[in-house]
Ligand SMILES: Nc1ncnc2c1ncn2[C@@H]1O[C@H](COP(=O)(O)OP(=O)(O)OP(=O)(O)O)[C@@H](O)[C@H]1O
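Here you get one chain, nothing else, as structure tokens; it is the form predicted alone.
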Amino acid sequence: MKDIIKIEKLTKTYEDNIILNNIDLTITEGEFVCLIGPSGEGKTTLLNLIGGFIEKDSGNIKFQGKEIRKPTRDCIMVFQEFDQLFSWKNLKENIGFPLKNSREKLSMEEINNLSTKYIEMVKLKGFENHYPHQLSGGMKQRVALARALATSPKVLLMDEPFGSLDAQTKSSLHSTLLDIWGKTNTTIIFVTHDVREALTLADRIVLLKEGIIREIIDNNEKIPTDKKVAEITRLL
């Protein structure tokens, strides 16, 4: 597989505090990577740097060989907050909105077909005319996921998107996300503080602590889950 994100000697500070220090990380096309670590250790900062939302102090971040300097349609972010949808638009309109300004200049029929496709993919068929206030938290996150995927991004950035959901809803969304990932082969970079969530989802787990990458865990190794949880928890 080809490299899609390459990070070299990346450093970021806030008010003289070093948040990320000399980070090196390469992510390949179609990979699912979880960033994990204690609160305040740079996970969301790294995600925002990859997305081009904030500027680095030094080092390089490249997307398909080109330096990332600003947000693009190729890297789309899904946040934890439930208010990321337009309250005055129904579910289908929310998903179709970014498609109206796509580079491909889609027709209304094409927008309608794509919106329907991703509504079905996130298992919300029958809720097309519902507005955000009529949806549960988990359903809102499904809509946000569908809206992001509808634009066919090469990289999906997810900042603790299921962090405030109950265990049953979170488990259902894990299954949905893995199913979509398998169908689309989108590269996913997912921030979480939940060790078991990272083990459920990721190919690789990148552990950030004190501004550096402490460990990169290959989650495809045949090791019992409880043993992996214990080992990662010990490193945190």
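Everything numeric in this text was worked out from a predicted model, so none of it was measured. Position 1 is the first residue in the sequence shown; the rest follow in order.
What comes next is about the form predicted in complex with the ligand, which is not displayed.
- In the predicted bound form, residue 45 approaches the ligand with a heavy atom inside 4.5 Å.
- Shown alone here, residue 168 lies farther than 4.5 Å from the ligand in the predicted bound form, counting heavy atoms only.
- Proximity of residue 16 to the ligand in the predicted bound form falls outside the 4.5 Å heavy atom cutoff.
- Although the partner is absent here, residue 74 is not a contact residue: none of its heavy atoms lies within 4.5 angstroms of the ligand in the predicted bound form.
- Note that among 174-182, 197-205, 34-42, 56-64, the stretch whose heavy atoms approach the ligand to within 4.5 Å in the predicted bound form is 34-42.
- Scanning 187-211 for heavy atoms within 4.5 Å of the ligand in the predicted bound form gives just one residue, 193.
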